[in-house]
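We begin with a single chain expressed as structure tokens, specifically the form predicted alone.
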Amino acid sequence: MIFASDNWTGASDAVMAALTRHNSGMAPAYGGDPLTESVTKRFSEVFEREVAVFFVTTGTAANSLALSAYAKPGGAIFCHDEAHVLVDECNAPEFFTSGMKLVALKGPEGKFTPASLRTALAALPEGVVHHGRPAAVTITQATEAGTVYGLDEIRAISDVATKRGIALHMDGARFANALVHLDVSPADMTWRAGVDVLSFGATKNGCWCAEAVVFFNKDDAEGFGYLRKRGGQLLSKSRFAAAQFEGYFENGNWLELARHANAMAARLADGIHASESGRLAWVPQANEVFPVFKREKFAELNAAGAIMHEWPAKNLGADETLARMVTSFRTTRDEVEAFLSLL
């Protein structure tokens, strides 16, 4: 009963088959191969417009390098106070943006509001060098709390950013999980809603080691190839990143994997909600579930083989703890039912 992280899973069968399929023979290096060209075109088809795509190996690299494309002296990046870029990336965004400041915004269930962004931006008035200046806004989709920004919420945040002339970045580490929850197109959840640049995550949902930075305005990608090279993220054997994406997109594989992970999370949440041994901190929308257990019960579940993480939380009882449980494309219904039976 492993609910620790979707990073614990292997690669999907389709991705592994694609890697094997493209492992023979020779191919030009550094992205000059036909497969990289073909998969780049596939991204444009997925997003229904011509996009600039750059493969990288990790989500931290994708986020940090994407934001570095909008770096400016004295710049500030606005994010949620639980955002991965702020909490879990070892200051890489600050490093790659040459010291831009991350400004944390509070908000329930992993999301901040346009109003809170507007207030934070007002604290950095135009032309006052002492305070610095806005450079970018980043949202996580799905959020670190397993919730999802609706299209209207994304548009509203984009409107605030646009009025200050700054870019909106989306950290899409669990992009597919958010997409299938909203049941909209990739275009609708990104550039049509005002997103300028996307960190397209695939590793958590079936790839081995494949992320991409996607620019929806190709002019914004000017010079990004140099940023990627300087950041150590230009893959010599680029065809193997491309192969993963080929298998990922093949026959809608990526969406089916995400639907399964979300369905397992929904079943887990329903069972916890119906039990007398736990409660949901909030309703999950993607593939992360955050239940509250008595500490004694949490220890009992762990001892019985349920692997999950304690999660930082406030306003709980002294004898309570918040857990994070993550489902994946490899989570089985039997695992979920075994956990609920144990609970």
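From 1 onward, residues are counted along the sequence shown. This structure is a prediction, so every number in the text was calculated from the model and none was measured.
Beyond the structure shown, there is the form predicted together with another copy of the chain, which is absent from this document and is the topic of what follows.
Residue contact check for residue 163: none of its heavy atoms lie within 4.5 Å of another copy of the chain in the predicted complex. In the predicted complex, another copy of the chain sits within 4.5 Å of a heavy atom of residue 27. Interface membership of residue 185, defined by any non-hydrogen atom within 4.5 Å of another copy of the chain in the predicted complex, is ruled out. Another copy of the chain is not shown here, and in the predicted complex it never comes within 4.5 Å of any heavy atom of residue 256. Against another copy of the chain in the predicted complex, the set 9, 90 and 207 is in full contact: each member has a heavy atom within 4.5 Å.
Residue 133 is the only one of 267, 111, 133, 260 with a heavy atom lying within 4.5 Å of another copy of the chain in the predicted complex. The partner is absent here, but in the predicted complex a heavy atom of 235, alone among 121, 235, 212, 272, sits within 4.5 Å of another copy of the chain.
Here the chain stands by itself, but in the predicted complex one stretch of 138 to 146, 188 to 196, 112 to 120, 70 to 78, 70 to 78, has heavy atoms within 4.5 Å of another copy of the chain. Residues of 299 to 333 placing a heavy atom within 4.5 Å of another copy of the chain in the predicted complex, in sequence order: 328, 330.
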